[in-house]
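A single chain, nothing else alongside it, follows as structure tokens in the form predicted alone.
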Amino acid sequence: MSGFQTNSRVIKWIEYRMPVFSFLNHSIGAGYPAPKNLSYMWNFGSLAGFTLVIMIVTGILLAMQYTAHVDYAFDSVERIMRDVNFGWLLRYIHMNGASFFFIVVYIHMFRGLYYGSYKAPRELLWILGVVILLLMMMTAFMGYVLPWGQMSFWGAKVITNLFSAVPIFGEGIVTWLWGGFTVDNPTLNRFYALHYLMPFVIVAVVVLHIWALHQFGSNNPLGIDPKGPQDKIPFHPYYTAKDSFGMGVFLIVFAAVIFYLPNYMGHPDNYIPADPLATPAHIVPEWYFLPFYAILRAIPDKLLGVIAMFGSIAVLFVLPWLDRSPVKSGRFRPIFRIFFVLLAIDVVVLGFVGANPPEGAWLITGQIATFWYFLHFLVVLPLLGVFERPKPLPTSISEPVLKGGGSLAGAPAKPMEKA
């Protein structure tokens, strides 16, 4: 790690004993070269990290006031909202921060799907990203239980009951999750402890994710590797400025939701204290779980539904080996682009289906959307890798960036015009 220079005697003293500044320079500073054509779609990785920090800080502050007991949990949340100084703000930031965390991560992953960021040599980078998504889901589910409202209680009961479909060991797993024979105080206590712990596990996996990213560098919209220094620019100040602008836009939207629509993405039933004797008319999870909930309910058999729901995530782990096309970016794959749009529409449809009762047209629509989801990954992508004829790639990153276009592969490159 070289190239870091400073005139500060204090920084030099620290750097000699612990080279933290040269490490930061190498990782996110001028010493880290990045492709010169990264668009604003590459902002969402840093936004996800920023949101994770917000969630951890607000979560720690909320934990100081929360009481993890079935008799006091709901009231402690109300006390935070009404009596704790700026408690309402902390809770709204944390509650809506979970939704925004999933929004930026979903966009980040769909960007990776479109530009082929899961392909060699970045398979492990993609797999670690899917692991982060799984950990986020676990953390969010346990956090949703903590307010101990109607949806908290019944959501916990329904979701944990899914494991009873596992042959032989199912009932034992459910009893272990509950800490007894129903969702009660032991359940709330262990969910609270795990919800506090999991974000730090996510941080550890994020470190591995960034480590894997720096091994081969970022992918780019063209999906081609930089040919030399002319295809790269320092991460700082170019992309730190770009990320800062994206972060400003993000914070404006985030603040607008917190101050004007704080309960828009929640469920009103969760402002009713948990009642084991009163089942809500329609039990639904948070919006970011709805596509997976729709897949679960689309299959009549309980065990097969559980397998399909977990399979919808598991298929992402093997995606690098399902898509065999030598071209990464969807920009040069016209047929792939069509199917990518269909996949995005399919996931949105699954979200709407998950928010409605599994009956009538909603059930049929959910079954068709579930079928298409797995067909896309298991059949369409492998076949496209064989039969699709992609457009020729540019010869380098520099030509499209500097000239608004690029010569096709094999075509003679034109002399670069002077600025």
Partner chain sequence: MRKGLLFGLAALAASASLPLAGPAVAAEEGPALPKLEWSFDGPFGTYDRQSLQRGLQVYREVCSSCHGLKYVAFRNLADLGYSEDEIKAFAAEYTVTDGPDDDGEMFERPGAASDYFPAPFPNEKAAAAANSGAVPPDLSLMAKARAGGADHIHGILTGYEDLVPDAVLQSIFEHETMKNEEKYEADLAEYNDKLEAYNDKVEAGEQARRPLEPVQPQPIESIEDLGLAEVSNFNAYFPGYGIAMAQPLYEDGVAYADGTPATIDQMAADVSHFLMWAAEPKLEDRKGAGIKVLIFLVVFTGVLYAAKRKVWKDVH
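Since we're looking at a predicted model, the values are computed, not measured. Positions refer to the first chain, counted from 1.
One more form of this protein exists, namely the form predicted together with the partner chain; it is left out here, but the text below deals with it.
Peer 1: Looking at heavy atoms inside 4.5 Å, which stretch does the partner chain contact in the model of the complex, given the options 69-77, 153-161, 317-325, 134-142?
Peer 2: Correct option: 69-77.
Peer 1: Are all three of Gly59, Gly172 and Val207 close to the partner chain in the model of the complex, meaning a heavy atom of each within 4.5 Å?
Peer 2: Result no, not one residue of the spot touches the partner chain.
Peer 1: Do Leu304 and the partner chain share at least one heavy atom pair within 4.5 Å in the model of the complex?
Peer 2: Judged by the heavy-atom cut-off of 4.5 Å, Leu304 is well away from the partner chain in the model of the complex.
Peer 1: Can you work out whether Phe216 and the partner chain are in contact in the model of the complex, taking contact to mean some heavy atom pair no more than 4.5 Å apart?
Peer 2: Judged by the heavy-atom cut-off of 4.5 Å, Phe216 is well away from the partner chain in the model of the complex.
Peer 1: Could you tell me if Phe387 has a non-hydrogen atom within 4.5 Å of the partner chain in the model of the complex?
Peer 2: Close contact is absent here: in the model of the complex, Phe387 is far from the partner chain, nothing within 4.5 Å, heavy atoms only.
Peer 1: Just checking whether Gly223 would be counted as a contact of the partner chain in the model of the complex - the rule being heavy atoms within 4.5 angstroms.
Peer 2: No, Gly223 sits far enough from the partner chain in the model of the complex that none of its heavy atoms falls within 4.5 Å.
Peer 1: Thr182, Thr279, Asn185, Ser244: which sits within 4.5 Å of the partner chain in the model of the complex by any heavy atom?
Peer 2: Of the candidates Thr182, Thr279, Asn185, Ser244, Ser244 is the one lying within 4.5 Å of the partner chain in the model of the complex.
Peer 1: Exactly one residue in Trp178, Tyr192, Tyr271, Phe292 has a non-hydrogen atom within 4.5 Å of the partner chain in the model of the complex; which is it?
Peer 2: Only one option qualifies, and that one is Tyr271.
Peer 1: Residue by residue through 40-56, which ones have a non-hydrogen atom no more than 4.5 angstroms from the partner chain in the model of the complex?
Peer 2: Tyr40, Met41 sit within 4.5 Å of the partner.
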